[in-house]
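In structure tokens, the next block holds one chain alone, the form predicted alone.
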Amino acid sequence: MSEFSRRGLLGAGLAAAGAGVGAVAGVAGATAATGVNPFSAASNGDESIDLSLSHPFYATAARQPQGGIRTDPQRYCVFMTFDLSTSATTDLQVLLARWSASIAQLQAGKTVGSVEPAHGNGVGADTGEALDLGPASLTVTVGLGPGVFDDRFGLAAHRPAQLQDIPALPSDRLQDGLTGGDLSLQACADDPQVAYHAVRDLARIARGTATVRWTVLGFGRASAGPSQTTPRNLMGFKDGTRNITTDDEYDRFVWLDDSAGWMAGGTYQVVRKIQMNIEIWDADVVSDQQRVFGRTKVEGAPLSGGTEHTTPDFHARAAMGSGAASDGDTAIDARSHVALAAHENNGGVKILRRGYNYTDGLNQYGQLDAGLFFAAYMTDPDHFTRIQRRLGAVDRLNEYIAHIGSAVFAVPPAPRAGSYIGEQLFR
């Protein structure tokens, strides 16, 4: 793969092919208006993609987390939840074992079996649509929902104390078909077809044991790794600026320690499907959009001043005539998204965000149906609940969004070779 990104190459190619006097004037105008040259942003503000890169599935040490959590976020995500249709413990064991072996193959860029049966007219074990596409940094993360620990499988004694359904929260507009699940699969890759292929074949393996409950197809990551630039959500604002990054933060806020028993090295996954009223948002003036988020739209700097990564000052007063609600108010509205979500205002609690944008085409009113697939990892799902209670109650962003999907899962550590996800549960 070239050192340049596909998006950068595409942007540069289109520019070279179609540039004329009008195009040059347009670039000059855009640069003057925003301070950002769109061509240099396309080529330099985007990371390169190596479709031959692969991530191992099996752990090589104790308490090693699954991939797809601290892994640098890939470009695409397919998330799927399942309801178990069996009450036989061995069926669940076999499914987790088959999934583990198959995920190891898929993350290595291999098939889960033959695409063309050697003899007769048999059905292929692998659907084949990812042949020749490479691993594309695929990771598949497996989660266990609260239902795994009910009376069906004899696992109630192993249920982690923190694994409880997310309670009703302010501003919830949850839809029955977009909540819960006994199992989750989060497939992330730099090629959307590789991610889709992984979930498709794993769903085939689950037939007879589990049925699909709900799914989200995500694109345009809404979080960044340490070597990645901060991406933007569909509202046009940078997302994930103050995310967890250091080893100390991961150990404190994401990974479970030895006191968690069989979950040591694991974590908890909270997912939310957040619908955005995009067309209403697009009609709002940018100055108000910035007050809603508490940041500038282009740079992503806090309204208290500085650059994107400047620590917000939630006590700084707004300058006279700055556009605040009234002269003398704080520069960052106390009801802005950044103020309500900040760890400084939530008892120091942090969660690891790893979301994606999504679109479902048009809604029943003929308007854009899109938003954010919010995925987060933490040592206790209550950390999310505490933050979301404040956001759901008074966040100015609530005028433009609705939480329509929700689920929580325990994410065990990665298995060693020869083992499988959650094997410790069945000993």
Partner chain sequence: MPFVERTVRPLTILGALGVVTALALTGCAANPSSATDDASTSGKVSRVSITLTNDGSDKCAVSTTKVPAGPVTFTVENESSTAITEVELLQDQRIFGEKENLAPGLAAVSFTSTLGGGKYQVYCPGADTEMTDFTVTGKVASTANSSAASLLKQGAKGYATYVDGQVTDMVTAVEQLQKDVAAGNLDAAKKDYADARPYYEHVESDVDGFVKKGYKATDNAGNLDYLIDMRASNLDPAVGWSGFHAVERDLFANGAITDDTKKTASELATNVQLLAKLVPTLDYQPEDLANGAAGLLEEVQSNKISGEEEAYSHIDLVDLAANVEGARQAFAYLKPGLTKLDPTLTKQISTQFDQTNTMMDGFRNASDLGGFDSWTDATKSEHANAISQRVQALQDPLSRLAEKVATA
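Positions refer to the first chain, counted from 1. The structure displayed is predicted, hence computed values, not measured ones.
One more form of this protein should be noted, the form predicted together with its partner chain, which is absent from this view; the next part is about it.
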Heavy atom distance at most 4.5 Å to its partner chain in the predicted bound form, all of 171, 178 and 362:
no
Of the listed stretches (222-230, 86-94, 240-248, 281-289), which one has a non-hydrogen atom within 4.5 Å of its partner chain in the predicted bound form?
86-94
Even though the partner isn't displayed, in the predicted bound form is residue 119 close enough to its partner chain, meaning a heavy atom within 4.5 Å?
yes
Is residue 123 near its partner chain? Define near as a heavy atom within 4.5 Å, in the predicted bound form.
yes
Residue 158 near its partner chain in the predicted bound form, any heavy atom under 4.5 Å?
no
Considering non-hydrogen atoms and a 4.5 Å limit, does its partner chain approach residue 309 in the predicted bound form?
no
Here the chain is shown alone; which of 164, 215, 211, 193 has a heavy atom within 4.5 Å of its partner chain in the predicted bound form?
211
Which residue, 297, 98, 337, 152, is the contact with its partner chain in the predicted bound form, using a 4.5 Å heavy atom cutoff?
98
Note that its partner chain is not shown here; using its position in the predicted bound form, name the residues of 410-427 with a heavy atom within 4.5 Å of it, in sequence order.
418, 419, 420
